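Have a look below at one chain only, the form predicted alone, in structure tokens format.
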């Protein structure tokens, strides 16, 4: 396993991070015994960053991860979120942030969080996030309940604008840097690099677009994006490699990103993702993929309040 420092923080994180959303049945029912075994195998294999949220499965993912981490807590960098609690339920108030932290600590069976981030901040009022949410996160940090604080979201414009106005330690962005898209580099990276903010990249498979099974029904991508994703999957298969392996390696090669989060619900998936550490992308294959993706490159769906999109 490879490890990188998370921005200017003291945290070192594995370059492959364990995305725990599947533990909340977000992508379909899972075998709890198998997901627990996957968590343990990931830790034994050197994966240290585990990311979850009360939103995933409406607290189910946190509860299951907390159970799986009993006896393993000190071996991981544990990250969760606050502010988003349902498909349309958001509360970025200081009171909500504080209560959410306490509730997450209980579900995760721990007395401190390594990372706590405001979740999908494009759905909140930017002034409130800057003037109320982030100060509340800092108070939790001062109390020793949280080591590192940050923000997450799809909207790069909104993340960058908040990061310019308020000091955050790290950010998670998803579906903005992978084989289908790369605008994270143009919009977010300049701010992150200037301010020493750690960046965690999520959804290297574009939330399922770059998988054999394709996307779930709720996926917000256009039919054109899905069709191109299918073409990439078939091209990789014809070249004797899996698209997820190529996609994850592509993200791991980013020079600034500290960790790439990928969902894992089984030991088989853990092992498949670990193969990316020893894999190199054929340059000719990458050129072919980029040619296929060109018609939809950097296309993204809307998310959040209208004034925060982009």
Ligand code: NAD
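In this text, all values refer to a predicted model and were calculated from it rather than measured experimentally. Positions refer to the first chain, counted from 1.
Another form exists, predicted in complex with the ligand; not displayed. Remarks below refer to it.
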Here the chain appears without its partner; judged in the predicted bound form, the stretch of 230-238, 104-112, 182-190, 119-127 with heavy atoms within 4.5 Å of the ligand is 119-127
Using a 4.5 Å cut on heavy atoms, which of 293, 21, 11, 300 is close to the ligand in the predicted bound form? 21
43, 272, 277, 281 - the one with a heavy atom within 4.5 Å of the ligand in the predicted bound form: 272
Is there any non-hydrogen atom of residue 221 lying within 4.5 Å of the ligand in the predicted bound form? no
I'd like to know if residue 27 sits close to the ligand in the predicted bound form, meaning any non-hydrogen atom pair within 4.5 angstroms. yes
Counting only non-hydrogen atoms and a 4.5 angstroms cut-off, does residue 158 reach the ligand in the predicted bound form? no
Is residue 133 close enough to touch the ligand in the predicted bound form, meaning at least one heavy atom pair within 4.5 Å? no
Residues in 206-225 close to the ligand in the predicted bound form, defined by a heavy atom within 4.5 Å, in order: 206, 207, 208, 211
